[in-house]
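The data below hold one chain only, encoded as structure tokens and taken in the form predicted on its own.
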Amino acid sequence: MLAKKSKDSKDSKDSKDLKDLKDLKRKSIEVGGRIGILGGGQLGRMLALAARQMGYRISFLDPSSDAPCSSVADKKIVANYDDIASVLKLGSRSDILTYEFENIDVNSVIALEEAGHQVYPSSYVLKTTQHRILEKEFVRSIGIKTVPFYPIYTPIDLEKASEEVGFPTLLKTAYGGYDGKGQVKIINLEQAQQVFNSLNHRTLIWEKVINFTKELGIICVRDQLGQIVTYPVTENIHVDNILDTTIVPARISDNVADKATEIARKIAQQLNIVGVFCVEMFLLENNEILVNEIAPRPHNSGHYTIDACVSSQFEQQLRAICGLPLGSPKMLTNSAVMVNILGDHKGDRFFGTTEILANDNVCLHLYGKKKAKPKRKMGHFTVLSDSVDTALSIAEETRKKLCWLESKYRRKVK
């Protein structure tokens, strides 16, 4: 009887698993479905373009009336991310929802979920990854190393952090901030106290400044059924805390690439994420890898996938959240280099398009932003080549051919 009971229990569990699998399959959003996006920046725009190609309709919510996604989407809602009524209005227009960046109000995602709307990644994923302390505590809890850190809630914590973690350090806001915003390099306790006071005693995180040989990244995607696909590890170069260049594949050993890939897969499983995400890492001299951040959405370092891979990160996001089979991350070329195009103070008109596109190896993407503010991401270009060295050389030559000027001027390119 015990054996029969055990078998009956197993059969019951198998039946439940099959039912769950069918339920998941019924969540598929077929072609012609409605995708809702919280955020209408360049990531939302590129996601919308991929959705258009796949036959989906797009609505989005963004505080800006001229957000880059505006020219691509079917409908837009101009509202703040914490405007619950407007967020729920977006939900009513959508069969499935996602977000293009993590600095949105998690309560809005929770409100959507409580109203019965499907949002991927979930509010749990967003809450974990948008808060630097929770994020690093999660990573450590699953046995993955991070940079040494200490949570800062009170002035007393500053003294404890200086003793346990030491200097130099980066004092960062626990919530919000990107591209270097919301962080200050600290070299002594007095300076740390001044920064803490200037930020009105907000929750901060004290992170040890470490010497690393490379900054690495990996784009990973997990679907509703738990299937995982990873792209090649990238080598990322930052200038003034903003991503400048992404090199793929990274110039690292196979062993390091395997370790980085395994870290991303483990995070995907333990975080139970559905959708595309990026893990940013530091590679140390001894080939040890430390996780820096998790971005729960398509990432700047994955833009090369649009031109260099069978399925782009944006197509994968749609496949994952819509319950479709994941695509192939296979590269169509041996190597690629992606370079960000940033604004400066010299003007709002972009020049150099003709010269740049004269090279068959270069793919240009502009985001349709009207103002080329200093350090604002205005576009990117990707170089495809048989070797990293050649791609880097072409990228540097391409940089010289682009510029921002007032509309009445046109630079002569030799």
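Quick caveat, the model's predicted, so the values are computed rather than measured. Numbers follow the displayed sequence, beginning with 1.
There is also a form predicted together with ligand AMP; it is not shown, and the following applies to it.
- Ligand AMP is not drawn, but in the predicted complex it has a heavy atom within 4.5 Å of E293.
- Looking at K208, you'd find a heavy atom of it within 4.5 angstroms of ligand AMP in the predicted complex.
- Taking non-hydrogen atoms only, I228 never approaches ligand AMP to within 4.5 angstroms in the predicted complex.
- None of the heavy atoms of K89 is located within 4.5 Å of ligand AMP in the predicted complex.
- Between ligand AMP and the residues H131, R93, K259, K172, the one pair within 4.5 Å by heavy atoms in the predicted complex involves K172.
- This chain is drawn without ligand AMP; in the predicted complex, the residue among K266, H238, K127, K145 with a heavy atom within 4.5 Å of it is H238.
- Heavy atoms within 4.5 Å of ligand AMP in the predicted complex are found in exactly one of 238 to 246, 312 to 320, 78 to 86, 196 to 204, that being 238 to 246.
- Contacts between stretch 215 to 234 and ligand AMP, counted in the predicted complex as any heavy atom lying within 4.5 Å, involve E215 alone.
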